Ligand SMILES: O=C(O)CCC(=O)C(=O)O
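Before any questions on how it binds or moves, here is one chain, the form predicted on its own, in structure tokens.
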């Protein structure tokens, strides 16, 4: 990152907000046609609440088609996500996770900068504290800061980027990641059964090689003009599955319903519930049976907001493509082949431009079912690796 490109080093949004700016700088202001409405549309039906304890019990008893499994199927087909209760994570521990999340962002600026995602103040790395990667001078930045860490496997953990404060941070995060991994396992086993696959079809993939768990701590400061910015621009997750702990006091997460014309809906706050959504990897492997939801975060002028997203991904070198059991004459192949590493590279590049990475692996209608993907073609003058 050259010294003569200062636009690649975005300011810390929390510090901008603390300075009392009266309007967001132009680098954060989105076009009028894309600006979020202060009030989202009324939901056509509620986002389902799924009791994971009942789901597990149904699986153990051999009753995979009970009401809870049907509710899960409906949730993922209609929304791509659901609110999980009965997940076994105690409310007190969830409160502690939220406490250390807020505690980090309350640290003094000089303390947080010890964990910067800019090496020597200029070279970007994905792990650490700051903003997402900036690729162009005209890129619209998000009104939010983040701390991004690899949590598993141990061999990939950069302990030097783990905050020393709050004191419980380094013990709470691994425990929470393990608890969420159990939740992901229950959901993935259920998805396999719903698809008519062997129960461990997806879970087994998560136990192979360097399957990773990523944690993203998000902080969205108050914004003087929240209708002119995104806290986090629209996107879908590259993960197999994502588990999100949302702020229990301040809303701001919005989601689109697949095939609903791009309408945005507020995700409700349900005390002690965790939000679970499938990622792009499941959309690809299920050959489009499940859809990775497009979502975004909006801000407000009155209160700040935090969240913690746990992303469960496959080994970086693992190939991702539609499972052969889910491809036949009636269900032609809809996605090409990629790897986790390649897909994440496409995600970061596409996210910076406000586009979706999954479009790089969708097979066009003109391909007539051949394994020809857009990722093999030039895209806006660049090759998606």
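Quantities reported herein were computed from a predicted structural model and do not represent experimental measurements. Positions refer to the first chain, counted from 1.
Not pictured, yet referred to below: the form predicted together with the ligand.
- At a distance threshold of 4.5 angstroms between non-hydrogen atoms, residue 311 is in contact with the ligand in the predicted complex.
- Proximity of residue 283 to the ligand in the predicted complex: non-hydrogen atoms within 4.5 Å are absent; the residue sits far from the partner.
- Of the heavy atoms in residue 220, some are within 4.5 Å of the ligand in the predicted complex.
- The ligand is not drawn, but in the predicted complex it has no heavy atom within 4.5 Å of residue 255.
- Proximity to the ligand in the predicted complex, taken as heavy atoms within 4.5 Å, picks out 289 to 297 from the listed stretches 79 to 87, 102 to 110, 289 to 297, 163 to 171.
- Out of the listed residues 192, 72, 147, 232, 232 is the one that sits within 4.5 Å of the ligand in the predicted complex by at least one heavy atom.
- Shown without its partner, this chain lists 151, 94, 186, 246 as candidates; in the predicted complex, only 246 has a non-hydrogen atom within 4.5 angstroms of the ligand.
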